[in-house]
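So this first bit is one chain, no partners, the form predicted alone, shown in structure tokens.
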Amino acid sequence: MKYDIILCGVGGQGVLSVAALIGRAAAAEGLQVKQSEVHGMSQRGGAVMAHLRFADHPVASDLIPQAGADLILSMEPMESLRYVGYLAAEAALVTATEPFKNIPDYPELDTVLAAIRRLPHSLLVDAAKLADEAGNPVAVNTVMVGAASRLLPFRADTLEKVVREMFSAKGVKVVEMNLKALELGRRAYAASSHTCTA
């Protein structure tokens, strides 16, 4: 078994926290994990991208080749399109719908979302709304992990355990809000008319 993910977004959206969460879940299930990150002026809303690879055998490289990713998991729609060349033929793209307009010529959102919908296996998630519903507007990244969780080769309880561990220092209320965000993401995937099959 081998699974490769491109994680992306902009600085401040928790891309690397998502990578840590998924990487910990992979390790908890006994998988080998490698990760590589690119920080693009993250303090100024610049692009952030990580390659995350895990397998039941040693992973030779931390970089995913073009057309080699099983999943793109993005916190921002335009950033998701930046890395489409990494998707394997039957791979999935899961992205939050809310834009982070960090450039003056950000394309029309409808155009960006239409391009994502044309991909064979894509899912758009209104993650900001779900994070609000969970009681924590900054839990967009946890919502996105939940939305992608049915594509990940982990047990649901493994992800829940890692969420508890990662947020335990912030108190019970923060743990519970993130567990709810994870569950709302899962429900968004289940309720969608997605065509994700990876």
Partner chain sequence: MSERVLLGDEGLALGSVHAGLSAAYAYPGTPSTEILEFLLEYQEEHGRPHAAWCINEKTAYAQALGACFVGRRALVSMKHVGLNVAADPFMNSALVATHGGLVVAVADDPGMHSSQNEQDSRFYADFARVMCLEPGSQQECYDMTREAFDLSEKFGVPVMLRITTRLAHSRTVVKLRAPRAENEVRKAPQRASWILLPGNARRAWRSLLERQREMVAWSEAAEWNTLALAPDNHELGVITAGIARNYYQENLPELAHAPSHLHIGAYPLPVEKIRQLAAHVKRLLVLEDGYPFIERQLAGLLPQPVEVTGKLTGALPPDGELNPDLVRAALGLPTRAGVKLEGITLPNRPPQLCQGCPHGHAYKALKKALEPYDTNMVTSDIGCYTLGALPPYSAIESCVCMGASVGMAKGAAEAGFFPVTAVIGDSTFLHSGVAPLMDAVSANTNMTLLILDNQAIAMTGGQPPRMPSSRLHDVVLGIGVDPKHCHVVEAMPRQVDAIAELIGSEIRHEGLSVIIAVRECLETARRKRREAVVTA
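Positions refer to the first chain, counted from 1. This one's a predicted model, so the numbers in the text were calculated from it and none came from an experiment.
As for the form predicted together with the partner chain, it is not shown, yet the points below apply to it.
Though the partner is left out of this view, Leu87 does reach within 4.5 Å of the partner chain in the model of the complex, counting heavy atoms only. Within 4.5 Å of some heavy atom of the partner chain in the model of the complex lies at least one heavy atom of Asp62.
Within this chain, Ala128 is remote from the site of the partner chain in the model of the complex, having no heavy atom within 4.5 Å.
Contact annotation: Ser168 falls outside 4.5 Å of the partner chain in the model of the complex, judged by heavy atom distances. Contacts with the partner chain in the model of the complex, taken as any heavy atom within 4.5 Å, map within 1-29 to Val10 alone.
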